[in-house]
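To begin, one chain is listed below as structure tokens, in the form predicted alone.
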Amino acid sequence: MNGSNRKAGPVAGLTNIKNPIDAAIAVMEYSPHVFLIGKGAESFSISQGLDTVPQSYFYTERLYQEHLDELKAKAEKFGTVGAVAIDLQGNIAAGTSTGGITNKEFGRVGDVPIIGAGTYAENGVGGLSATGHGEYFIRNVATYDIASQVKYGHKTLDQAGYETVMKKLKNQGGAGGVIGLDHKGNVVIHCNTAAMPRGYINSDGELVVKIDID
């Protein structure tokens, strides 16, 4: 999502597009629509010259074994990658990509491609990318909920993120977290789980990488 003009480009249900985030960018920049799924999203991506690969490209033994383990344990794990950036003019952008929870129902779409749930950006407010149990982020429109508290409740992005992730979602049993930047470039990170790998680099070139929650 582009915070300067509120344009967004979600895609879901892809099987052979090498880099789904490129497909999302193509939808945002070149399609009159906002959200494309399945074969339609793939056809559009191919028309934009994006690379395709056989499904075997995405196979890894580790993930296959995780799949088998999850069938036995009925546990849930997440593998989301998110990024938020701000430029010198204050333009904010956010992007998120995921394969979804392990052993999800066929046809299930999580929060990541849903604008206002897993991803949101708006100049003057902030940019956010979420990870976790997507159903809770969707029901609570989590990233927009955070942004709206800033816009209409006059909270900082950090305060709003804490309210949504550490109180609202946690009280409902929704595990996960958000990364974000406010309109001044301040880093915002909240997570109600034991750990969340994350990193950031600021305008001074300081690089920070962490896993455990402070």
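Just count from 1 along the sequence shown to find any residue number. Treat the numbers as computed from the prediction; the structure is a model and nothing was measured.
Absent from the display: the form predicted together with a small molecule. The rest refers to it.
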| request: Just give me the single entry in Thr98, Asn140, Asn123, Asn103 that has a non-hydrogen atom within 4.5 angstroms of the small molecule in the predicted complex. | output: Thr98
| query | Should Gly82 be counted as a contact of the small molecule in the predicted complex, where contact means heavy atoms within 4.5 Å? | reply | no
| task | Decide whether Ile114 counts as a contact residue for the small molecule in the predicted complex under a heavy atom distance cut-off of 4.5 Å. | result | no
| Is there any non-hydrogen atom of Thr131 lying within 4.5 Å of the small molecule in the predicted complex? | yes
